[in-house]
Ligand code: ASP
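The chain that follows stands alone, in the form predicted on its own, written as structure tokens.
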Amino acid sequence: MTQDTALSSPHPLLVIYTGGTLGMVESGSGLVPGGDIEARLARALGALSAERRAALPEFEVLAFPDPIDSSAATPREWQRLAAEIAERHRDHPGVVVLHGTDTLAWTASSLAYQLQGVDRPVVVTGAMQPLEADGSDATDNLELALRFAVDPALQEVAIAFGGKLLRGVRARKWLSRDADAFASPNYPLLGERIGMDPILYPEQGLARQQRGAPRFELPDYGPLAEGGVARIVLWPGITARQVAAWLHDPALKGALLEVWGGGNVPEDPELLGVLAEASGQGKLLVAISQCPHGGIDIGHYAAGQGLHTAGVLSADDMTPEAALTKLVHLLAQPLADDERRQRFLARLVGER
């Protein structure tokens, strides 16, 4: 993206501040989400060199009145954020979301499902250190996000962080403290910073892969926000009783099972019976591998045949964040069980 491209839009970008480390300030009990974010962003960007400032697009800021640490986010926050973007996106060439890093990949994945077919950039970013901290990565990440967010060739939800642009629904927080915190284990980068320029790789983007008019889906996530979907990670020695404690909960509508290797579970008839019973009750069960790289092939090994028989669906090489937020998204809609299962197996936003 050239400087001229970055500055060509007559309308400003929209920057939405939700909270997170980027905007935190010191308090008596440690770092807490801070306010006055518009002035603080202006000061941080104003400290850049004249050349870098000249390449920045104009933007306006929408600050949520109750910024949070992202560890406190729930599906209700995902829904609220998507609704704001859906309402305002037509007035801006792109949107930047400032978010805490701990659940940033979860929010980005959820936004991708809710904003299917978005025809402009929605770029989520944050920082490992606050704006005003010595050596902070916040300004660099913000600058990268702003410059990618004005590129019309980017037409999906992405994450800009540590010099990289990743598909939101393919990204994970990989490192707990490093500035290069995010990775895309099973999909190439959408772009990256080379020198001081953000370079987009259009061949990797949804604009080339699945185009169509925006078809936003903004269901009510509220009923699922408190225990409607579970994430169950298998461990050696797990029992049917322990799995049943999750799946027998009447409030539970679906579950993500993290199984071993290429799609294996214990050959325990009682455990498999619990899974089959939940599937028979219309609960949507899906499986991914505990291995971060590669996907699963349910039934390839004899130890995985039970999953297929029990009605558990394969999530292939999806991230846990993408699989669980897809479950929430589909279960929030009034779909027949067969259609919901088909849509989970379909590629909606490049998540599989």
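Everything numeric in this text was worked out from a predicted model, so none of it was measured. Counting begins at 1, following the sequence as shown.
Omitted here: the form predicted together with ligand ASP. The next part is about that form.
> Could you tell me which one of 289, 319, 70, 314 places a heavy atom within 4.5 Å of ligand ASP in the predicted complex?
The option sitting close enough to the partner is 70.
> Among the candidate residues 102, 277, 217, 258, which is the single one with a non-hydrogen atom no more than 4.5 Å from ligand ASP in the predicted complex?
Spelling it out, the residue with a heavy atom inside the cut-off is 102.
> Could you confirm whether residue 127 comes within 4.5 Å of ligand ASP in the predicted complex, counting heavy atoms only?
It does: once ligand ASP is placed as it appears in the predicted complex, residue 127 has a heavy atom within 4.5 Å of it.
> Give a yes/no on whether residue 332 approaches ligand ASP to within 4.5 Å in the predicted complex, heavy atoms considered.
Output for residue 332 is no: heavy atoms all beyond 4.5 Å of ligand ASP.
> Do residue 15 and ligand ASP come within 4.5 Å of each other in the predicted complex, heavy atoms counted?
Output for residue 15 is no: heavy atoms all beyond 4.5 Å of ligand ASP.
> If you check in the predicted complex, is residue 328 within 4.5 Å of ligand ASP, heavy atoms only?
Answer no; every heavy atom of residue 328 is more than 4.5 Å from ligand ASP in the predicted complex.
> Please identify, from 79-87, 94-102, 114-122, 266-274, the stretch that has a heavy atom within 4.5 Å of ligand ASP in the predicted complex.
Every other range fails; the passing one is 94-102.
> Which residues, if any, of 14-37 lie within 4.5 Å of ligand ASP in the predicted complex when only heavy atoms count?
20, 21, 24 sit within 4.5 Å of the partner.
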